[in-house]
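Read the single chain below, which is given as structure tokens and is the form predicted alone.
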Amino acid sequence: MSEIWTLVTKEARDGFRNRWVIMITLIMAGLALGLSLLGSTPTGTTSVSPLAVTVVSLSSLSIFFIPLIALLLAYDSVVGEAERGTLTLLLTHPVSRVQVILGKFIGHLFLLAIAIVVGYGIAGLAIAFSAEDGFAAREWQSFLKLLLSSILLGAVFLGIGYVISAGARERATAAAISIGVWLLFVLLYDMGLLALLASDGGMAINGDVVKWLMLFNPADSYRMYNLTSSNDTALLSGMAGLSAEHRVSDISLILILLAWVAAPLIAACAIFNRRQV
């Protein structure tokens, strides 16, 4: 464990030294605060809580932004060090390759969690202090679920990034594959699903099939977890039909996301163990 902790602290120090954490936190705080304040403007004439609007807005932001940040953090963690020659030096120390992957993963996840908690926390507090009435406990519970699941979403794509980095031979190749993976999970998968639904006309693909197809995508599992858990968020996000008729339990969605974290990490360790340095 001491070897893993040493690697974690090294990645954390590097992240603070090159100002990755500060930059990411400022970007996330600015975007989250802007979305929250703009999104809560029309709620004065409705019964929808401004915090529910904030959860929907930040969920949409997270699906696009967090996977990209996670992949940018992880894509050169192995191949980048191999090109710089520091990976060979690192492996001369009494540390296993599995410990290298786990140490880097925990360190990057720590940096990403700081950015998410601080950035989104600022937005949540701003809405809380600007609201005329306090928020119910269930609304704060939804916001806390958003924070925790956003960190979990980041962990998923960090793991995918390590698979790419462990298998690629050049940083440019790893970067190109990472962008392709981001496009696939965040944009192309849902566009393909919509095209499939439009072409089918509702004849063969029913709600259950759509639900299971969405569960194969970690970004969609994240979306379902945050946007179908309450009536307000489901109504605002347009997922009320899915929430009412094809609801997936929160525990099941969390287990799916955890599986998406574990599987890439195991694959990254296996690929890295076979890599010639």
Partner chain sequence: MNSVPNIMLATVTKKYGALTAVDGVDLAVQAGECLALVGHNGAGKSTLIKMVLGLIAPDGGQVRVMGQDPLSPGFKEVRRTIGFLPEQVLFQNNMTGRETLEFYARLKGVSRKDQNDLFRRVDLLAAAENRISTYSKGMRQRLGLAQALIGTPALLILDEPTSGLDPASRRNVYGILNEMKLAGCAVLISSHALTELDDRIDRVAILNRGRLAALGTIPDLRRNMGLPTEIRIQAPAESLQLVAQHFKGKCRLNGVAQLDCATHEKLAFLKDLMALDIPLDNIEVRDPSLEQVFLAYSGQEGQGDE
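Residue numbers count along the first chain shown, from 1. It should be emphasised that the depicted structure is a prediction, and the values quoted were computed from it without experimental measurement.
Keep in mind that the form predicted together with its partner chain is not shown, yet the notes after this line are about it.
Novice: Sort through I179, V95, A128, I151 and report the residue having a heavy atom within 4.5 Å of its partner chain in the predicted bound form.
Specialist: Here the answer is residue option V95.
Novice: Ok, V117, L196, L90, L72: which has a heavy atom sitting within 4.5 Å of its partner chain in the predicted bound form?
Specialist: Of the candidates V117, L196, L90, L72, L90 is the one lying within 4.5 Å of its partner chain in the predicted bound form.
Novice: Within 4.5 Å, heavy atoms only: does R169 come near its partner chain in the predicted bound form?
Specialist: Residue-level check for R169: no, no contact with its partner chain.
Novice: Does G192 make contact with its partner chain in the predicted bound form, using a 4.5 Å heavy atom cut-off?
Specialist: It does not: once its partner chain is placed as it appears in the predicted bound form, G192 has no heavy atom within 4.5 Å of it.
Novice: Even though its partner chain is not shown here, does Q141 get within 4.5 Å of it in the predicted bound form, heavy atoms only?
Specialist: No, Q141 is distant from the partner.
Novice: I'd like to know whether T25 contacts its partner chain in the predicted bound form, with contact meaning heavy atoms within 4.5 angstroms.
Specialist: So T25 does not count as contacting its partner chain.
Novice: Please pick out the stretch from 182-190, 78-86, 141-149, 159-167 that is in contact with its partner chain in the predicted bound form, where contact means heavy atoms within 4.5 Å.
Specialist: Among the listed stretches, the partner-contacting one is 78-86.
Novice: Let me know which residues along 9-27 have a heavy atom within 4.5 Å of its partner chain in the predicted bound form, or say none if there are none.
Specialist: Contacting residues: T9, K10, R13, D14, R17, N18.
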